[in-house]
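Shown next as structure tokens: one chain only, the form predicted alone.
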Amino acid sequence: MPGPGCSGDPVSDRGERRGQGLRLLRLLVQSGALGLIVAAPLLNFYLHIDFIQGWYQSLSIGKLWFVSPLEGLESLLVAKVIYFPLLIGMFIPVLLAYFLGRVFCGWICPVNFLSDLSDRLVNVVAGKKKHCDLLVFPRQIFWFALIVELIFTMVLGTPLFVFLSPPGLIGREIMRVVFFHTLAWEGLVVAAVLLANLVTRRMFCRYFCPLGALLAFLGGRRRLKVFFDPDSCTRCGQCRRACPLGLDPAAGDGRSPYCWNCGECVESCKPASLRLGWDKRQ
């Protein structure tokens, strides 16, 4: 008779189905999110349709304007003027972060999508699934990255992350390719972020992304969390190995602000001891 978590066990099969469904959903959302910022310049340039403009720093869809919370905050600090259209543009992203945490990082950010693709490529070349965390830093560096970035923005009087944000750079590089058939040197920042994954999984996202830190701060009491059932857990450690941020969901890290709710731990959990759900106790 198969034991808990073994192939053929109903609990294991339920975990497999849940993982496959979540994996497919995230792939569809990530692909759609990247497709949106690819479609914008194509529609603008070839069909002269400007219904969609921009990328994930500043994106307009029809009459709706969405502004990244960090880029919006930088603009306010530099201008030292309250610009209400900017606040309105930041409202929906801030609201999503408050309830869903770093869901942008795990489900929408094009950097994470490209990182996922590069992970799969490395796994194919290596012939097995590799998990590299050669350099591990204290998690608190994450918050210092945000503080230092905001201090430099105020001292220099320029919104640094507007120019050097990897998600924003991807959008700008796509625009340059479509409109000017060339790439800019800033694209090397994206390449460096992806190459750093070979040393430590999601090194930039895990330790140095100020946008991720701000979203984590806003979502400190988020409602969407990873729940853990210790009674059905087999202590296999697959969830910890699957987490791209090096978190341990079985130790409660899935409820910490560092978790970006990507669901990879849930996908890997064959006993179905983990689930991504809505916290109704708050």
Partner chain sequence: MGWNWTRAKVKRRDFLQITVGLSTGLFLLPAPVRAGKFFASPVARNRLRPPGAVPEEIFAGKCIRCGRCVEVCPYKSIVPLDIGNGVYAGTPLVYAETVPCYLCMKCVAVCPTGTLRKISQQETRMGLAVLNRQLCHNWQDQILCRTCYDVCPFKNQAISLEELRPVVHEEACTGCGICTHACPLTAENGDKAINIEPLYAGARVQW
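Because the structure is predicted, anything quoted here is derived from the model rather than measured. Residue numbers count along the first chain shown, from 1.
Although it is not shown, the form predicted in complex with its partner chain is what the next lines describe.
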item	value
Q30, heavy atom within 4.5 angstroms of its partner chain in the predicted complex	no
F91: touches its partner chain in the predicted complex, heavy atom cutoff 4.5 angstroms	no
Its partner chain contact in the predicted complex: V103, any heavy atom under 4.5 Å	no
4.5 Å heavy atom contact, D231 and its partner chain in the predicted complex	no
Contact residue in the predicted complex, from I151, A191, L121, L135 (heavy atom within 4.5 Å of its partner chain)	L135
Its partner chain: the contacting residue among A242, L59, L214, L34 in the predicted complex [heavy atom, 4.5 Å]	L59
Its partner chain in the predicted complex: contacting segment from 152-160, 95-103, 109-117, 191-199, heavy atom within 4.5 Å	152-160
Any residue of 139-175 that, in the predicted complex, places a heavy atom within 4.5 Å of its partner chain	R139, Q140, I141, F144, L156, G157, T158, P159, V162, F163, L164, R172, M175
